[in-house]
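Only one chain is included here, represented as structure tokens and corresponding to the form predicted on its own.
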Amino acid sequence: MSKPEIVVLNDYEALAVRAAEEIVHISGEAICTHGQFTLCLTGGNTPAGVYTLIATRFQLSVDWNAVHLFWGDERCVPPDHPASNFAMANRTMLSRLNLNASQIHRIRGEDEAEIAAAKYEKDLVEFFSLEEGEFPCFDLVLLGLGENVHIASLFPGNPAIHENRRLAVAVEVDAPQPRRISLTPPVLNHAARVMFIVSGANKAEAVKLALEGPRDIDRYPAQLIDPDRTEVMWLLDRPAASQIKL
């Protein structure tokens, strides 16, 4: 079985810079190889600093005309709501870039969840020219990690953990904004690369369970990401990595 690459940085600032550098490098590689870069963004607090760096310090290092942005999940809220993953990305990155609307593939959190999931799935099928039973291959999927070891909006015990046909599904989770839309496990595992970006001592136990805990995807959904199928990197600051063996 393959193993993920684990990189530990001293603090959040170093983590954000390394994440931005990795994203910029992968963007260049993808654009050189097949003419575009498909990046699936994550929400939460941790990536905000990464997105700000990409749009400021590293902006000129990316060929933005060849970039298409997607999201791994979204809360059922309007796109300007403080809890919206799109709103966070727009505030920190998109508003600073000169992108065409066709390059931004957001999940319509303002719609009813099942309708939003179906629309997002349709967008993915059309963009990636998918046939029945095929899954998109993002160049890079970014993931955070919840304290309960969830990824995207795939929470412990949620039936969506076992979804193997749909691309996006509506879910109900035990968290603020419980109605959400999430990409499914096979979509995440069909990415060329997956990068976890995790910061803070409050995530240390979740990191340990994801990487070293007993195999149990229903309890620890982050274990869904399969290093045998995709290249996986974990970027951690020292507090987040404090409980794992290095």
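Heads up: residue numbers just count along the shown sequence, starting at 1. Just so it is clear, the structure is predicted and the values come from calculations on it, not from any experiment.
Only in words, not in the display: the form predicted together with 6-phosphogluconic acid (6PG), which the text now covers.
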Inset, instruction - Just give me the single entry in A168, V141, I107, I151 that has a non-hydrogen atom within 4.5 angstroms of 6-phosphogluconic acid (6PG) in the predicted complex. - result: I151
Legend entry - One stretch from 141-149, 114-122, 158-166, 92-100 that, in the predicted complex, holds residues within 4.5 Å of 6-phosphogluconic acid (6PG) by heavy atom: 141-149
Inset, instruction - With heavy atoms only and a cut-off of 4.5 Å, decide whether P185 touches 6-phosphogluconic acid (6PG) in the predicted complex. - result: no
Inset, instruction - Would you please decide whether G43 lies within 4.5 angstroms of 6-phosphogluconic acid (6PG) in the predicted complex, comparing each non-hydrogen atom pair? - result: yes
Legend entry - Close approach of P47 to 6-phosphogluconic acid (6PG) in the predicted complex, 4.5 Å, heavy atom: yes
Inset, instruction - For the heavy atom contacts within 4.5 Å of 6-phosphogluconic acid (6PG) in the predicted complex, list the residues of 192-221 involved, in sequence order. - result: K203
